[in-house]
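The chain below stands alone and is given as structure tokens, in the form predicted on its own.
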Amino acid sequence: MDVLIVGSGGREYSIGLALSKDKNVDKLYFAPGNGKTDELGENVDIKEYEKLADFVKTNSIDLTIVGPEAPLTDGIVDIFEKEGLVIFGPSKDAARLEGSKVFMKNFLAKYDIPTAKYIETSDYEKAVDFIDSLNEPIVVKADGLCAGKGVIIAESKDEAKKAAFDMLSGESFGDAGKKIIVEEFLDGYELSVFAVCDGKDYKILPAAQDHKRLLDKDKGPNTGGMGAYAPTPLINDKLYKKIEDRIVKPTLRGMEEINSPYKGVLFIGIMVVKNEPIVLEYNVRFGDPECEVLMPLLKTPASELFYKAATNALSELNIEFLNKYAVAVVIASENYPYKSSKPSEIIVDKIVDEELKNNSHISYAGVKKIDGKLFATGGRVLLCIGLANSIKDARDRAYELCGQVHFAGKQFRTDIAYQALKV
């Protein structure tokens, strides 16, 4: 089987790494890929989806996997399926679950899926009235895609009102903020739960926990994610069952009912409040960095999971995972997330410790090759992943690997998985 992966980040590298070890996979392509994916397969510089579909047909590629949200909300799946091509991901209509927070919240309300009390509006005065009815802190969200940065947790009503004003005026997020959600803040702990779906059936992956804030102890600004681990001990069989019965099943039924059957991966951001799962958000793709800890735990060939989901055949799949833990630590560039950073050469020490060599790896994201050398090009540069029989040992291996990576201005959190290690 030949496979094309759309995207260029650590998520796409991790999917490619899993597929590169898969006996069912002959050749990998990445569009556009990054400075390290060309060591796993072939990078393809084609941006237009129609031309990419032509490339897939010409090269008889059997499966396309879409990593990021933007191509999905743009409708890449519809374009490929119109050409009779097999592609993993939701249609443009189904991708509204992430592409529009207003659509998502109204969908949750319609199908009685637990979520926070909220108002959707483009009217500033209505937003102010609702803000005044809530206790602090208060959550304000832009409707459209904002690369994971369109959510403000305001510590005061004045801050919430300013966030609402800035969004509605177009100052904060342009057109993405012309309609907003204001909702109550939920006090609990967050989980990332992923369901791989084929429209009717689904497979739940081990729950992960992300670390959004830049700094240790969850301080500093929100980011795209500074690390993750899986599986988390903060979930049990009873909670998994509640998530399936109250969230996953009604979501798939509801999407089918509105003629947008959901195929691909459904990423459910959950807040657990007093042992009850409440939906914070849906994403229509794998989380990044959660994907980087889920892929190495997958015992079932990755190609089978993706292909059977894309061809409505998940009921035939018996999915298995390694009985291990994975921890990923993001190493970011010097000025992340405030501004761009100057390219910096990356040096990775040769690993001599056999235990570390066999139970850790790097997933590359914001990297580029210049004259044969690898450079950090800004943002989240790479992830150091450790695997072990315990979370503590997996974390220790991830951080040991961090010590082998060098580039000017590198920054990373030192407390990934701290919540699990407190349990």
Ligand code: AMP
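Note that residue numbering follows the sequence shown and begins at 1. Because the structure is a prediction, the values reported are computed rather than measured.
Another form exists, predicted in complex with this ligand; not displayed. Remarks below refer to it.
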Legend entry - Location of this ligand contact in the predicted bound form, chosen stretch of 78-86, 344-352, 195-203, 180-188 [non-hydrogen atom, 4.5 Å]: 180-188
Legend entry - Position in contact with this ligand when the complex is considered in the predicted bound form, options Val139, Ala309, Val248, Leu134, heavy atoms within 4.5 Å: Val139
Inset, instruction - Only one of Ile153, Val272, Ala313, Val102 comes within 4.5 Å of this ligand in the predicted bound form by heavy atoms, so just point that one out. - result: Ile153
Inset, instruction - Please check if Leu280 has a heavy atom lying within 4.5 Å of any heavy atom of this ligand in the predicted bound form. - result: yes
Legend entry - Proximity of Lys324 to this ligand in the predicted bound form, heavy atoms at 4.5 Å: no
Inset, instruction - Verify the contact flag for Lys157: yes if a non-hydrogen atom of it lies within 4.5 Å of a non-hydrogen atom of this ligand in the predicted bound form, no if not. - result: no
Inset, instruction - Decide whether Lys212 counts as a contact residue for this ligand in the predicted bound form under a heavy atom distance cut-off of 4.5 Å. - result: yes
